[in-house]
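Take a look at this single chain, the form predicted on its own, given in structure tokens.
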Amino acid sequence: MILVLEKDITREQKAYIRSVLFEAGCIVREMSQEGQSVIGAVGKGNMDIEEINALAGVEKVVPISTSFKLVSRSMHPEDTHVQVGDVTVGGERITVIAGPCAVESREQALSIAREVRTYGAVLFRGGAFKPRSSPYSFQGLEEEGLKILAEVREETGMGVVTEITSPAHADMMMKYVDVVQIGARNMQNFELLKCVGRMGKPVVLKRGLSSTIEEWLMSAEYILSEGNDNVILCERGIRTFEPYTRNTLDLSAIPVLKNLTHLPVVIDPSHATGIREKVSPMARAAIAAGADALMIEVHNDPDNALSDGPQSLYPKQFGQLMRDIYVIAPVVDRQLDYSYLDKARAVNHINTVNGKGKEKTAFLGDFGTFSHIACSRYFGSKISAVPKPSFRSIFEAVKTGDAYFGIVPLENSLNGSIHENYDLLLEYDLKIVGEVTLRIKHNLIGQPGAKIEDIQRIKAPPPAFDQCRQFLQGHESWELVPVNATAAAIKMINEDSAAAEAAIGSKEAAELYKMEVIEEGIETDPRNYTRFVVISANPIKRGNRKKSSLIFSTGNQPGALFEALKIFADNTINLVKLESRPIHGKPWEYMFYVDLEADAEAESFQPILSALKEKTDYLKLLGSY
């Protein structure tokens, strides 16, 4: 049941309510919904709802109708984010777990781990205890395999995931691994479920071969009832009559689960299909359907793998899949972050060395702007976001040390480049240390209960008006009032409290200021993306860098630009952006801004930079990231 508490409830009243629930044998969870205190209570015996409702401080009691209580969305409306070291499973960043089905040797595990980490995996999976259909098949290296997994974590920094098959293995799991997995065959091994519930470590709970979603969630309920909320649900295919795949991957389970439960969802297309060529298509489809994470089997020699070789990707196939996911993710408001681990450790190091707690990152406008969303998506909760009134003030804050990082938009897929920020990159001696692409989905936002026919004035920054022109042309009587940022517009209409006022902005800002979305997705073109870059006076500790940005100018003679660009062509370096900007104070002379797919700060790239310097009048490396 859900107990909605009165807003003026005293501490003593709340304590008494909790004591009554505990005496009745309830599991109690305290939370907040829309600013109101709520207690969730699940008990094994019968409780008199009328009696509970009569307690001082209780506004109302709402029964939970589902058989699964603790895992239900009713009990916990907000999504659960499971923390594994520096990695968060759930939320806006996609988590990729990769590795072989089984740990076969130290060399094999370390080799695969190095490769999948390079391509962007953040957790490493590998079986040490392997429950197999045949007693004569390879059963795993057992504790020796767990020791190898611990070595993988030590060398690569990735948390390690492995299957537990017996409560007797609990002590070893506590010693060596970060996430325990309950396999499909053990989904209803209730003693094992209770055991991992008491262990407290994050749990990947795989769906049984022929289990319904309700049976699966009831198994998760066993784990949560023992006090462990860190459960990740894994869809790995169910057994059907279809012979062309090993199992049938139930992608429809993703939206069903998102509606029923607050727990994050990981998809395992390797076990679901059992066929290498089908793994990548189903992984891409899973992300499009809303999965929080992927679990992919990767092997450097699958033809000779001791377990599940035919469904294992080669490392380069895994790398290509990650590139595909990187492109798909922004469409569904997610991000695949190649430098997730390096960035997290670097920011942790900065916070520790500087001793200030969370370092500051400056962004444009108020909380809830797309710049703020991009900031949160890139850094997660590891920084403190600080609003600034202008792009120049962001650069100044980073230059003076008032903020360690700044995040600024560089280009929009519809409106083109934000030239002011390109000019500021030239003016300030700061480095680009990262980037994030955000899908810009505009919404018409107004007072709760407001109707579209009530609207008379719209507040938004000019680019938002441009991007929603087709929608606005259908309402020519509306007055368009330009403001600095989308969140500022929503904040203004919140303060005005007038039904005739509306704003254009994000759902996040609407929720933040307790406004309501009147019309969703009003941008003219849904292919509306903004690329943001992160700037800093100090580079983030080196990791896997795939891209660089630089500025150069050439002499004003025929073929000068061609000679500079030919250097990139001769070295097979792909340019992904080339744009000219006028040089201030020098009419008809131009700077060229270039983005390229290479690490221009790497030692191996220095001869190319030297050759470029000989062909240019000015050259500045903006950063590699």
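Residue numbers here begin at 1 and follow the sequence given. Being a predicted model, the structure only gives us computed values, none of them experimental.
The form predicted together with phosphoenolpyruvate (PEP) is left out here; the points below concern that form.
At the 4.5 Å threshold, heavy atoms of residue 184 reach phosphoenolpyruvate (PEP) in the model of the complex. Although the partner is absent here, residue 101 sits close enough that one of its heavy atoms falls within 4.5 Å of phosphoenolpyruvate (PEP) in the model of the complex. Mapping the unseen interface onto this chain, residue 531 falls outside it, with no heavy atom inside 4.5 Å of phosphoenolpyruvate (PEP) in the model of the complex. Contact check for residue 292: no non-hydrogen atom falls within 4.5 Å of phosphoenolpyruvate (PEP) in the model of the complex. Only one listed stretch (321-329, 280-288, 472-480, 123-131) carries heavy atoms within 4.5 Å of phosphoenolpyruvate (PEP) in the model of the complex, and that stretch is 123-131. Taken together, the three residues 163, 236 and 297 all come within 4.5 Å of phosphoenolpyruvate (PEP) in the model of the complex, as judged by their closest heavy atom.
The partner is absent here, but in the model of the complex a heavy atom of 271, alone among 334, 343, 271, 169, sits within 4.5 Å of phosphoenolpyruvate (PEP).
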